[in-house]
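Each of two forms of one protein chain follows alone as structure tokens, named structure 1 and structure 2.
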Structure 1
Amino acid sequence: MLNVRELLQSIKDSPYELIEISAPHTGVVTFAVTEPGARVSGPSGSLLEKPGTQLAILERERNKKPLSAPQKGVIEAVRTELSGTFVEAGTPLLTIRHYLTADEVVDRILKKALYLFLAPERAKYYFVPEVDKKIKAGGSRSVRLTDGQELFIMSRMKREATLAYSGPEGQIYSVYFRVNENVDTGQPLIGVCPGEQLPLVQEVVAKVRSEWGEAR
């Protein structure tokens, strides 16, 4: 049985996440934030259309790409020694100390409560067209799954294969992968909520939201 209180307490003991901001591609970097301790905001707006605080600019082929904070937090470290230099893709630039939001805590706990369907291999995953249409029309929770149902197209090394869902019947509650991004072996693709557990999951969500609110 899921011990929500215990899980929540363990998160409360360490309610932070260190987010490393790396160069997404090569380019000459200049920093907009230079001091550790500065507060930054994540994306905002109803559709998260407003980018977060600008952290740095990466210039490549006369294109300036602003790097914005993906989450709210405090700057933990900045590699100012790289300012004005050409950096390779993947070079660590800054670190943000981020206080977990209620949604993130819910997400972490749900990963323990839901049935997770894992990626059998490192590959790119797509929903099969029929499921994809349903999700686009009504959201992932509109899709009910049964064991053996064809669910994914698994694409790797230019080959594609269909992948059937195996697990309890239920609705897709969470989707953990993004289109065109590789998912490592063993990482969750979706979280499925079996019908009979739906009230329990909803209760967990409500409880976390109220408890996390108290903690903040």
Structure 2
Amino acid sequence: MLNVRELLQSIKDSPYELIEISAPHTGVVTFAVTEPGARVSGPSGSLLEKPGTQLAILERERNKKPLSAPQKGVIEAVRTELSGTFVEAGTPLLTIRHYLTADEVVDRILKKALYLFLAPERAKYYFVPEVDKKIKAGGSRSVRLTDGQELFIMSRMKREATLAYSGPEGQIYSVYFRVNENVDTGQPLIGVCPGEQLPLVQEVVAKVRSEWGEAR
């Protein structure tokens, strides 16, 4: 059984994520941010329609494409030696040190502590009507699963097939897919919490929600 408290402590010991910003295509790069230590912001707005801090511009065939910060953080490194040069797609340009938010910490813990039931192929997924009805009435955590239970309708290329759950008995704790959106092969559909692990998971999640500090 995973030691959830040890996992939380390991995240506290290193509460950062390093995000590498690479050139999405070829072009001449000009940096808008040139000094390590500069603070940047991620997308904002109710629909995240406002881009984050501009980091650089890639120019190709007189078309300029700005590169923006995907997350709030601090610039860790900038490859200023590339400024004004032609770079290939995939060339690392900057690194952002992002301090994890409470939601991101909870998500990391849950993806380690829960049993993740993965999509067997790229398709759209829907709960079978019986399960869907329970979720709409009492939320996803009102549903307990047993191995072999019919759980999903898998829709692909206008064909539908039922998909049974395979894994430990427990309750659905997290749902990772959205209706009418394709899920790639190997991506989690749900996270299932075995009964004996539930009190500990709830305790740690509550602790993170109440104690995790604001982004530095």
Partner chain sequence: MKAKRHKVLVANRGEIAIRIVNACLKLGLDFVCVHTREDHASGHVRLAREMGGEKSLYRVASYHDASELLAVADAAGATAVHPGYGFFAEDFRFARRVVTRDRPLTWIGPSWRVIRELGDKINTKRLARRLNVPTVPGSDRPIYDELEAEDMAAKLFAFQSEQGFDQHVVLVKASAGGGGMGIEEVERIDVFKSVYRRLRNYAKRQFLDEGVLIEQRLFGFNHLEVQILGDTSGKNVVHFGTRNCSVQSAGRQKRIEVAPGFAPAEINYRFDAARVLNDITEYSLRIAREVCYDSVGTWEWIVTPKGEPFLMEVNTRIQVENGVSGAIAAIGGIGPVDLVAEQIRVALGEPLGYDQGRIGLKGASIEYRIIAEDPDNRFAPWVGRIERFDWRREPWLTVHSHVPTDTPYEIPTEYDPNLALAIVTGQDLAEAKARGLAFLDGLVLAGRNAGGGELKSNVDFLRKKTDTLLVF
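One-based numbering along structure 1's sequence throughout. All of these numbers come straight from a predicted model, not from anything done at the bench.
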- Message: Pick the form predicted alone out of these two and give me its number.
- Response: 2
- In terms of the two rigid parts that describe the motion between structures 1 and 2, is E130 grouped with P43? no
- Rotational displacement of the smaller rigid part between structures 1 and 2, which moves against the larger, in degrees: 38
